[in-house]
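So this first bit is one chain, no partners, the form predicted on its own, shown in structure tokens.
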Amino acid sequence: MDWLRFGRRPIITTALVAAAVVVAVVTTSTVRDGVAVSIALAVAIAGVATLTSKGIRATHPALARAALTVTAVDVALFATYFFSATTNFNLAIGAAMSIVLLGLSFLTGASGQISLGNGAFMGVGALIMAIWANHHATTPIAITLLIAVVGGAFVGLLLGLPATRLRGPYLAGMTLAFAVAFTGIVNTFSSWTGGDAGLQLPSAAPAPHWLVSFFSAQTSLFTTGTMWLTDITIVVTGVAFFFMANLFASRTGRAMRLIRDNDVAAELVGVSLPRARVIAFIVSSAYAALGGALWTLINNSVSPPTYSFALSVTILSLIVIGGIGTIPGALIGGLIYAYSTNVISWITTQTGLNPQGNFASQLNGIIFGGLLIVTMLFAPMGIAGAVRRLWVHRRTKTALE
């Protein structure tokens, strides 16, 4: 028959989608819930079908990345409905941090440049978000986030230009100076930034009516609002990861890795080292600013002392633990950061430590330091690198057998 010429996969996919729609309509209590569940299941099934199609990664890699991104975002959005407000809040914080880690992974892992100032870049995006929202409260969230990204990219350009003449510890020293000076710069313009006290957003981002209608009347606005902010963060994170995945696979990404491995060889094949290094700084600072802006949106305020040199060190530690130069490593690092607070609370509860004591206050640094040491000893390429190595080893062993 003519309809068989397309193969069995489209037919199976269509049948699965139809079955999922029927199950969703039958098992849900309202038509609205049935439509929402049907859409979520249909998107997930279509994404998995695309990813498992024969040769799709080789012939259409961008389509495969888009399918993976849409599927992951769809599953994450669906899961937030069942999570508590605290879990959603932690998930949003981790997702925003993973964007920052992704930018640093491109700068350090791809181009080989060391930065100790990404915490300050986060602060730039956070302050731009708060300042713009206080003066232009009616601006859509998407536009405000884009403004923060552009501002972060501009600051990255200013630091990237002198960075073209610096390498190794000298480059790290320059970014360190920016991280240390950030708080002083903020206090100098306290009339705009609020100084150490920071700024409060004029109003929280309320959940839309159609989302609130999915919950019962007894559900608090805090729960629905937290879920809405988490959903926004997840969507933005998915878009950021998709663009970075394509950037890693592009000609620019390959040029960055060549510079990291052998800058002389890169120059010989026509790669402009200054231009590539400036681009890496711009991308990294733009991603950091986006993560900082999302933090402001999630917390509904910004506190400049949060974006200190200690945060920059934490960011660098997280990307090394997750897997520097890898996209999954940024996601792993973000999740570790998001739920580290829960781990610390569990440790203090089980051990009877005073949460306000000096030792308990340093547990965050102790845990990250311990993880960093263990990672360097047993998985130098980070968690993502270790998993990839085990996967390749297993496939090789299976092929030989």
Partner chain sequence: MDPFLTSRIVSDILGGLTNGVIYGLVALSLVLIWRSTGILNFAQGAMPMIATYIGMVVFAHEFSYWPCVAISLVVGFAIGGGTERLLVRHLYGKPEINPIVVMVGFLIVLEGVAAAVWSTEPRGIVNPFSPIDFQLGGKPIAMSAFSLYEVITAMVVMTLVAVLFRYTKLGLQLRASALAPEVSRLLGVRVSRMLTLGWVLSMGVGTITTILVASNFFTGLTPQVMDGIFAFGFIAAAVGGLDSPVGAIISGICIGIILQFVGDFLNSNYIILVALGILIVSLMVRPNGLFTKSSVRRV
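The term rigid core refers to the maximal set of C-alpha atoms that superpose within 1.5 Å between the two forms. Here the structure is a predicted model, which is why all the values come from computation and not from measurement. Positions refer to the first chain, counted from 1.
Just so it is clear, the following notes concern the form predicted together with its partner chain, a form of the same protein that is not shown.
Although the partner is absent here, G370 sits close enough that one of its heavy atoms falls within 4.5 Å of its partner chain in the predicted complex. At the 4.5 Å threshold, heavy atoms of Q113 reach its partner chain in the predicted complex. Under a 4.5 angstroms non-hydrogen atom cutoff, its partner chain in the predicted complex lacks A197 among its neighbouring residues. Although the partner is absent here, Q350 sits far enough away that none of its heavy atoms falls within 4.5 Å of its partner chain in the predicted complex. Judged by heavy atoms within 4.5 Å of its partner chain in the predicted complex, the contact stretch among the candidates 233-241, 278-286, 122-130, 173-181 is 173-181.
Each of V313, N358 and G365 comes within 4.5 Å of its partner chain in the predicted complex, counting any heavy atom. Shown without its partner, this chain lists A249, L161, A79, I141 as candidates; in the predicted complex, only L161 has a non-hydrogen atom within 4.5 angstroms of its partner chain. The partner is absent here, but in the predicted complex a heavy atom of I185, alone among L146, A137, I185, V75, sits within 4.5 Å of its partner chain.
Looking at 293-328, the residues that come within 4.5 Å of its partner chain in the predicted complex, counting any heavy atom, are F309, V313, L316, V320, I324.
Once both forms are fitted on their rigid core, the CA atom of L372 lies 2 Å or more apart between this form and the one not shown.
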